[in-house]
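First, one chain by itself: the form predicted on its own, in structure tokens.
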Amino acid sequence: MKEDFLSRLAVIVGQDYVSNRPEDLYLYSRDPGAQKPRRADYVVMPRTVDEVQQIVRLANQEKIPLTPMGAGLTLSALTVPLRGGIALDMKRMDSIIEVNEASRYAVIEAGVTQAALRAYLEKHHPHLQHSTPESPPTATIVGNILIQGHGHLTPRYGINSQMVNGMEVVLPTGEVCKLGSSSISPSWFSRDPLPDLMGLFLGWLGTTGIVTKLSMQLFPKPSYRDLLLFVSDSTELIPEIIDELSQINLLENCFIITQEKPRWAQRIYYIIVISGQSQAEFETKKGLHNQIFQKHPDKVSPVNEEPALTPLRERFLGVPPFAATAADFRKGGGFEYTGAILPIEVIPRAWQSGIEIAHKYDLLYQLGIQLLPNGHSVMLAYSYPFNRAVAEEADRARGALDETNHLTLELGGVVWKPELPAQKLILERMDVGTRQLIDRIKKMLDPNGIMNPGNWEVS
């Protein structure tokens, strides 16, 4: 049966782009995080929308699970097949179809990486940029958007899923549809004012369809860019600073961080990224942000000297910022984190609790806040490095992750890109009517239950 099914997949995509060899399946049965591996049965790499449709129809016919993936770098095992079946690797669909300079958008296929679009824009459209997340350059843009990821322009322009103009989607039964202006126009320039169907695929973890093309907004690339750095020891000050930053709403990006090593980094650092198209704009923004911190001379001070200035500048001035460095401090390469989307007022408690949880599980802590649009909420990332070669240490990382997710929900927050145990926690707390609606939508779109089964599973 397996060899026959493999042959049928090979007819669709070609012999070189399908496999059930153990050495290939090993790579698709795990990701870089702490979640335990789950074995895929097949991996297939389509190149066209038609091939995706044929694969979906075949999977439906044989009732075989299908898990779409980009780069598989979520750390939450969201692209690890929970119930086996097909890992649908979208990397060959890597065309940048269009860049529209006037309306500032790009139309790309699902396999286009962060590095590929950035290099393309630098070469052909050097005055434009996209909102780039803190992820490896091999991470796919569509994958980041579908998990409602953040980028270096998030505080100013919104999370990356808010920057979507349109999609082409293969539904779980094999039909293709276009969303946004592309459904009625040759231009992929807007999702409004049509019925907004993007939400049927954003945040659903590959359980409602396969996005094959996507239109995303681009933004002007600034002529001037720099960091302002401040340091504090007061967690209670964080909500007040965020409120003041959001009132002027002129920064490009903002991080608030602490970490256990090196020793100097154990304080609270504010990293404010300022950019502008003219020197006058740039200097005005710098002055306004300096004034915010000057209001609190007894609680916060500028960082003007080593050892903090140079490493922080190197880490956070780049695009993308190299913010996630906690994994460097332990052997074995393991790195796990959870993103807590939190209301502003709970930050002090969430911050201190994160440090306590790390120490409880004998792990190094790294906490990092990124402002979300207009300062209404934040993403607080709790990062836990561990030695992947030591099973007991990986167990401790999973324990810290689980306790942190409980904390997030207790504080009234939401877990970002939740792994399976966190999804179950969320569903247990969710409004009954909402849970039932999720269940009805999934069953309507995916009657045979083949799309990444086990995720967002209500019944």
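We number the residues from 1 along the sequence you see. These numbers were taken from a predicted model, which means no experiment stands behind them.
Same protein, other form: the form predicted in complex with a small molecule, not shown, and the subject of what follows.
Open item on the list: Taking 4.5 angstroms as the heavy atom distance cut-off, pick the stretch from 396-404, 412-420, 430-438, 38-46 that is near the small molecule in the predicted complex.
Closed with: Of the stretches listed, the one contacting the partner is 412-420.
Task: Site check T258, I268 and I272: each within 4.5 Å of the small molecule in the predicted complex by heavy atom - done: No.
- [ ] Answer for Q366 alone: is it within 4.5 Å of the small molecule in the predicted complex, judged on heavy atom distances?
- [x] Contact check for Q366: no, nothing within 4.5 Å of the small molecule in the predicted complex.
Task: in the predicted complex, G334 touching the small molecule (heavy atom, 4.5 Å) - done: Output for G334 is no: heavy atoms all beyond 4.5 Å of the small molecule.
Open item on the list: Please tell me whether any heavy atom belonging to S135 falls inside 4.5 Å of a heavy atom of the small molecule, as the geometry stands in the predicted complex.
Closed with: Taking the distances in the predicted complex, the answer for S135 is yes, it comes within 4.5 Å of the small molecule.
- [ ] Consider T338 of the chain shown here, and say whether it contacts the small molecule in the predicted complex, taking contact as heavy atoms within 4.5 Å.
- [x] No - in the predicted complex, heavy atoms of T338 and the small molecule never come within 4.5 Å of each other.
Open item on the list: Going by heavy atom distances of 4.5 angstroms or less, which of G149, P81, G166, G354 would be at the interface with the small molecule in the predicted complex?
Closed with: Flagged contact: G149.
TODO: Name the single residue among A139, I238, M198, L371 that comes within 4.5 Å of the small molecule in the predicted complex, judging by heavy atoms.
DONE: Looking at A139, I238, M198, L371 one by one, just A139 meets the 4.5 Å heavy-atom criterion.
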